[in-house]
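Single chain ahead, by itself, as structure tokens, in the form predicted on its own.
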Amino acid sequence: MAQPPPPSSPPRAQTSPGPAKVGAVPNRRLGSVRGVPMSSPPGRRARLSSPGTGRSSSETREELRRRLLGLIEGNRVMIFSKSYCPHSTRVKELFSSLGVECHILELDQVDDGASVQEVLSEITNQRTVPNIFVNKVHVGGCEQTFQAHQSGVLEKLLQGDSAYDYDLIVIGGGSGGLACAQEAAVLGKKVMVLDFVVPSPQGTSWGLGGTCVNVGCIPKKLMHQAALLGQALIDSRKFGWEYNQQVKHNWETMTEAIQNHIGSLNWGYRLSLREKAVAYVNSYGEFVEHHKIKATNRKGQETCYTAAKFVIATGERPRYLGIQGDKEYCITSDDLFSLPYCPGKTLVVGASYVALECAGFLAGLGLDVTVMVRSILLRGFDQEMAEKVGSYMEQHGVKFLRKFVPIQQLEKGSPGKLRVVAESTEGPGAVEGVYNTVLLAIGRDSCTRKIGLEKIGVKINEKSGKIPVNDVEQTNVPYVYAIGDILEGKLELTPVAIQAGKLLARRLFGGRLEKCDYVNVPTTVFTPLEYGCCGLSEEKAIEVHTKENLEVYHTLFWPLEWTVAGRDNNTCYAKIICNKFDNERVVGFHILGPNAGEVTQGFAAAMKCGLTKQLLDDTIGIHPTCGEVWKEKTFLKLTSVDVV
């Protein structure tokens, strides 16, 4: 940011050099609200009239924003400068040498110069001067303008030609990337989606839609439903259903039906892109230089494209053990949902939600399932709830090997069998087992290391591969944004990526200001007994608010549907965590029971509105449902009495 010169020294300024920001387009819908049109020859300043007094700061700020956008829209070349800044002088001299008339606003010579610079930084994410626009396109500062001049981009902009092939290229065809691309297209932008699935070590690949649609949420929930139907068959006898023939599950029939459904979703996504005129290219994207990406298709053919802005939405892929035989013999969630044969006796390695969900529905389908756990279940979730999830699974046939990790190598034994040796994490001792299938679910790695980010200077967390962004999903390179599972410190959930993608497109191209809210996001783990939650775990709540400031209410409950069936009456559980010095506002919501996801969704909306314990007490429940558990007389303070 340029600073005023000291009285006895020559004027100096400082700039922040960085990658070019060519192509940042301001809100064009507001462009019809003109600022005062300025027509100053190069080197002379344009004046910006001050807004009237007596108005609120928000109104004044919005009026200033409209006036600045009017200047940007109404002038072929608009330079926001400071008269003493040598970098501003260089830019003015450049346009003068090109014989181009430019309009200049000297921020040090207008009363609201500081406010102008602040609003400009919101529009462009650049705080330094000079700040240059050519034909409504944000070029950047001094260095970026000279780079654009040397590359020929500036000449194209001055001629009114598009400097790039696309306004936006989205790398990754998952839920978040597609949401962003389609929203940008609806706002009139020229958009491309690059999507390419590198086959898993077992050779599995899939169509458009990303992890959730193809190898995540959708097939997982359908297989979970298949397992629930098996339990419903058992319950049905108590409700009077009689059947004599042997009931068995057919894996091939299930996977064929699920894959057919997924195929219809893939086609629907492609059709939607086509209808919105979004270019879809089934190629692997890799940056080669600023604003330029190389797309390589399955045949190895390469094509390069340029864009003003990029959104990285490449997602994650399953992690492997790093021991001999893991990629050769093991499968992951990438492979399970289209596996052409029944997995048989299965070892699930890991304790993530992916591990427990897969173990749960496999056991529900009648398979022999063992879960090998290195440390704790469901890291990052409320640990009381996590242990209850594990306990229910164990009571219903899933075996757990606690504090063990696979070692040495996986060996293929007789046809269709694998020998696994594991060691204890707590000292000497090893176990050995033979399984038909070993499913790895030990975590996921971000797909960011092989897309050329280092060539354009995008920073990533070297350990995790995740990308740090600011509160508008912008990376350290101003024209590159990122959404979804690859973000550092953000939730890895499909609805979050979709919301972030839509709002990002609206901010970039629609003049909107709304940001994605990553707080109080609901989620559900689809284990045999579903676990829904929103807000803080009890451990995190204590860390944030301290234990003395919290009140925990909890209860066990027995769903009506379970009574006649004779199912467990001491299993389903609910608790809320309240900040007792903030009107007992609910900061954590947790429920373990049937249809937990359906119950949690509504309470998440209530938490967004500031739900308190008193509001819960005042709300009349729907009877008989699991959701009315919050009205039960047994819903008691954990600090005063334990539920038994």
Partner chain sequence: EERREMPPTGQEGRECPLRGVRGGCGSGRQGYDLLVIGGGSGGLACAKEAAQLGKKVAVVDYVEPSPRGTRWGLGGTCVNVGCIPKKLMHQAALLGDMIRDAPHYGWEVPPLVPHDWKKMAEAVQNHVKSLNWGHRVQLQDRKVKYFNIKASFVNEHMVCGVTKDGKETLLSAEHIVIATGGRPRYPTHIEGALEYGITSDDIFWLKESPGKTPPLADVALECAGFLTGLGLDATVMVRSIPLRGFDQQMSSLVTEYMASHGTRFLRGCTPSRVGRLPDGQLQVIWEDLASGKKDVGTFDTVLWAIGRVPETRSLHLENAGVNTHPNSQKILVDAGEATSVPHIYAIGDVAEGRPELTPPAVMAGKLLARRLCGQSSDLMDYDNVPTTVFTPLEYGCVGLSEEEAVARHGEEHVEVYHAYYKPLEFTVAERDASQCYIKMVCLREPPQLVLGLHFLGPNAGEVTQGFALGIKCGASYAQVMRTLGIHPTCAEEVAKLRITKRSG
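Residue numbers count along the first chain shown, from 1. Given the structure is predicted, the values throughout are model-derived calculations rather than measurements.
The same protein has a further form, the form predicted together with its partner chain, not shown here; the description that follows concerns it.
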>> Since only the chain is shown here, I'm wondering whether Gln202 would be in contact with its partner chain in the model of the complex (any heavy atom pair within 4.5 Å).
In response: no
>> Can you work out whether Gly511 and its partner chain are in contact in the model of the complex, taking contact to mean some heavy atom pair no more than 4.5 Å apart?
In response: no
> Leu365 near its partner chain in the model of the complex, any heavy atom under 4.5 Å?
Replying inline: yes
> Any of the heavy atoms of Val186 lying within 4.5 Å of its partner chain in the model of the complex?
Replying inline: no
>> To verify the annotation, which of these, Val198, Ala257, Ala277, Ala430, has a non-hydrogen atom within 4.5 Å of its partner chain in the model of the complex?
In response: Ala257
> in the model of the complex, which of the listed residues (Gly113, Gly230, Gly443, Gly325) lies with a heavy atom within 4.5 Å of its partner chain?
Replying inline: Gly230
> In terms of non-hydrogen atoms within 4.5 angstroms, which of the given stretches 490-498, 332-340, 141-149, 393-401 touches its partner chain in the model of the complex?
Replying inline: 490-498
> Within 513-531, which residues come within 4.5 Å of its partner chain in the model of the complex, counting heavy atoms only?
Replying inline: Glu514, Asp517, Val521, Pro522, Thr523, Thr524, Phe526
